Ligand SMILES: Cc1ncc(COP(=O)(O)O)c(C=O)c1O
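There is one chain below, alone, in structure tokens, taken in the form predicted on its own.
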């Protein structure tokens, strides 16, 4: 076990505070950060030698676990052979071609074309642009709006921040993109839909389409499970109903599977669970298990056909320098081989069942826990002052943060909190013993912070 001396760690932390602007930056959060040194499987080790279970797959993305030498080898071999070449006009490379073919084999039957990005934010930005582009090609230039959902998260660009349905991501960055709007509960809604775990139903989206005017709406965007917003799965009829609504109003459906894609829900892609196909699919994170940044948006056959038959004045002028990066694509191919060789999609389903069963048996009926929920290997629950009455904690009590801190400091499990929602999504390689360690840590933390 390698460790760093305290002087070196202190110097690193001083340099971090002085120079590193972190994502979602708030300087007090980094007064005493954990300095990670190495990882193996679901385990991370810090510079002092302490081990932690990575209970959120870092940021939902380290699907095959840490320390996979075969992915480092795939990157190195490709870099030695051809580190990079442009994929712009008239150029291509073997790994990018092969990865596109492989991803299309795994995803929805109607998908036909892959555009590579560097992140989920870029994937969702591109999904909106290609939706607008498609409608322009169809002679319907007024179809420019995008409708997103409350409590959704779609990225950090200006457009994808506008898509995100959580107000803290808008503050101080406004004005937001005006053609991006959100669902809200319609007045006097009467329907027999089963609500999602956050109380929403598909007819919220239909009401938003009708409010904006279907002739102005290019697409809707949805995470199959609202991930960063607190892990809120849909009802079984949500996406079937939404697909019918989109078809009826001539609106494209974008599935943001940046988190749920590649096995996280116990299926290769989440909407396969309900036999629903989107028109555009956004991916990132687990395509390379985060060993190299990569993402993509994927389009259906009608959109691909339109892109392959463009008039001379309608070139699709959307591009990134690193789109189709050969080293990233080589890592993606080797990563997906690990998925198949180690049956990780099936393992995600089995370990997800174990996690949910454990949460329900340990915390079900607890006076301060409600809405235990999950899909595949992602789970969440809500901390409340009184579960029977549904009385929430005051924001000033920061109960979610206290539980997450106890899990980390006392239980050795790193996970995430969103207000008073605790969420968990370990790497897909997690085993039963490691799930049980996570369950023990969360049980102890809830009882220590909230009481019995």
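Residue numbers count along the first chain shown, from 1. Since the structure is predicted, the reported quantities are computational estimates derived from the model, not experimental observations.
The same protein also exists as the form predicted in complex with the named molecule; that form is not shown, yet it is the one meant from here on.
**Q** Can you pick the stretch from 211-219, 147-155, 319-327, 232-240 whose heavy atoms fall within 4.5 Å of the named molecule in the predicted complex?
**A** Stretch with heavy atoms near the partner: 147-155.
**Q** Of these, 107, 370, 121, 277, which has a heavy atom no more than 4.5 Å from the named molecule in the predicted complex?
**A** Comparing distances to the named molecule in the predicted complex, the residue within 4.5 Å is 121.
**Q** Let me know the one among 103, 131, 258, 355 whose heavy atoms come within 4.5 Å of the named molecule in the predicted complex, would you?
**A** Contact residue from the list: 258.
**Q** Do residue 206 and the named molecule share at least one heavy atom pair within 4.5 Å in the predicted complex?
**A** Output for residue 206 is no: heavy atoms all beyond 4.5 Å of the named molecule.
**Q** Suppose contact means any heavy atom within 4.5 Å; which members of 273-287 contact the named molecule in the predicted complex?
**A** Residue within 4.5 Å: 285, and no other.
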